[in-house]
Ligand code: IPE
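Next up: a single chain in structure tokens, the form predicted on its own.
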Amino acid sequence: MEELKVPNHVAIIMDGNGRWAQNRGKKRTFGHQKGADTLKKISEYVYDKNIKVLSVFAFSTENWKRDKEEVDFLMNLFLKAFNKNFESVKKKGVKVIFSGLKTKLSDKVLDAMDKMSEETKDNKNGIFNICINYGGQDEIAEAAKKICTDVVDGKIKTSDINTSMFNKYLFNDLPPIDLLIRTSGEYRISNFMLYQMAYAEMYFTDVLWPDFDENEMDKAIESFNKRDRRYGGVKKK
């Protein structure tokens, strides 16, 4: 049997925590806790599969609209996860980075993010990109501001600007996304990594995120292998 190719960069919209909990008569926060456990498991598994970059949508700029109790729970959950859940990823030699705006995030959360980034900055076995207070349109707008500043300061010329250069001005200079996974049966990308997703293959599943396991990850990779990736060209016969 031919060995499956693994995508270099996988991005996941981890959707369905709240519904998973409500289906069990529990509070939405219970689902977020289970979702964090799932992320720990999947983040370990993808690097065992030799996937090099994993990006996850942990908290969007729009999520601040949720009830304060839920938002506070999520922020405390991030702190616990940064200090505990990702130890195994660190041991695998994975570099942990963060994408998003720092505004609105508490000093405690920012300090924990800085600590995780510093401790893993020299790791070479993979990249774990955690998107917190993130919006794809915000990322593009912020990159445009930085480019404008550098043009005004004489660091670059407008003629220097191209797609590769623009990528370097994003929150992090990452390779393009090969496979986007979204759980819970929703068919939209919700303002997630718009620039990096230009030619991503998309995989949507009805499975709610807390129930997403290694077997479901394998299904996504199998689906990816069936795609004909032409990047706007025509496949030669």
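All residue numbers are counted from 1 along the displayed sequence. Small disclaimer: the values here were computed from a predicted structure and weren't measured.
Absent from the display: the form predicted together with the ligand. The rest refers to it.
- Of the residues 44, 70, 211, 37, just one reaches the ligand in the predicted complex with a heavy atom at 4.5 Å or closer; this is 70.
- A residue is said to contact a partner when one of its heavy atoms sits within 4.5 Å of a partner heavy atom; residue 66 meets this definition for the ligand in the predicted complex.
- Taking the partner from elsewhere, residue 190 is found to have a heavy atom lying within 4.5 Å of the ligand in the predicted complex.
- Taking the partner from the other structure, the ligand in the predicted complex has a heavy atom within 4.5 Å of a heavy atom of residue 59.
- Under a 4.5 angstroms non-hydrogen atom cutoff, the ligand in the predicted complex has residue 13 among its neighbouring residues.
- In summary, the region of this chain contacting the ligand in the predicted complex, judged by heavy atoms within 4.5 Å and restricted to 169-177, 182-190, 46-54, 195-203, corresponds to 182-190.
- Residues are counted as partner-facing when one of their heavy atoms sits within 4.5 Å of the ligand in the predicted complex; in 11-40 these are 13, 14, 15, 16, 17, 18, 19, 28, 32, in sequence order.
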